[in-house]
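Just the one chain here, laid out as structure tokens, in the form predicted alone.
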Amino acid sequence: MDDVIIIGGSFAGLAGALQLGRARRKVTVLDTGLPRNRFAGHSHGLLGHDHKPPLDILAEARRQLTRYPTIRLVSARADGVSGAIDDFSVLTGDGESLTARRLILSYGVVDQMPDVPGFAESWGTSVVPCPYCDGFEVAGQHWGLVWSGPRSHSQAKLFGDWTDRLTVFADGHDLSPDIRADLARRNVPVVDGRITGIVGCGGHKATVKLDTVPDADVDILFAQPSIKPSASLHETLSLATVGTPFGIALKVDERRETSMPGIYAAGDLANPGMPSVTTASWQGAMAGIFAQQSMLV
């Protein structure tokens, strides 16, 4: 029996495994090799790894974990979970049955791409979600923002730290007169009509195709599609969730423990509102430490 099984081996899961391995706890990490940020050419904002490809950072992390004899990394999907604290069972897609005293869920989320031609193909290059992740590289250039609801107004304000050239694409949303007035005060034009296509033009540049007005060119396009967990194990376990403007997240307490004793959660799965490699790594480390401490007698 493992001390901990970690389901999801991206930044949060590997950070949890590192803490557990250094505490000489026996841990198995299950991972499908499909991190959320695999579409990005570079990862930004992670101290010591700024501007490195995210897959390269993860590969180096896995290599470093091999020095800990109690950590086992397994390329497999978790298909089923059952049991209770001190006696959890996990069935992998390869048919292997594993048991552990604790679980850490860090299988992340997937972005739900709108049914707009070219959007999915441009994701991570011409279309990106986060100014903290990609804003510095295109600072001072012409940005576009796809309006998705009230939170987009906050983004329009935020973007002013990076650029004074921003165009908002309403994409069928009815912006209130107050919001339009505030955007006008900030010299942010609003383009009405629905987006019918995105054409990547090399690098971050994109052409936004619209149904009622001429196409518009931008140097980068920001958008916030909805998300959903990348697996349904939390539903099988009937874990409590909380709603966010982007989708659901697992509810955790100050020790990263979910509504079921012995199960912890970290990363975008438990914090989708602020996706960040730094945040995911911190949460994963804390989940590992708190899981370890919970087994002390």
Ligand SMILES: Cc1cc2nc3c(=O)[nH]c(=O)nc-3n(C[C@H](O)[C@H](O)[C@H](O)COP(=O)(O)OP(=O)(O)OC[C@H]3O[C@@H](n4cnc5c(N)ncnc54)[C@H](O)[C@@H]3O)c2cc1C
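Keep in mind that what you see is a predicted model, and the values were worked out from it rather than measured. Residues carry their position along the shown sequence, with the first being 1.
Omitted from view is the form predicted in complex with the ligand, to which the following refers.
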Which of 234-242, 64-72, 262-270, 248-256 lines the interface with the ligand in the predicted complex (heavy atom within 4.5 Å): 262-270
Partner-contacting position among I85, V190, C133, C201 - heavy atom within 4.5 Å of the ligand in the predicted complex: C133
The unique member of A206, A78, A156, A100 whose heavy atoms fall within 4.5 Å of the ligand in the predicted complex: A78
The ligand contact in the predicted complex: V277, any heavy atom under 4.5 Å: yes
Contact of H42 with the ligand in the predicted complex (heavy atom, 4.5 Å): yes
The ligand contact at A287 in the predicted complex, heavy atom, 4.5 Å: no
Distance check, T28 to the ligand in the predicted complex, heavy atom within 4.5 Å: no
Residues within 4.5 Å of the ligand in the predicted complex, restricted to 23-37 and counted by heavy atom: L30, D31, T32, G33, L34, P35, R36, N37
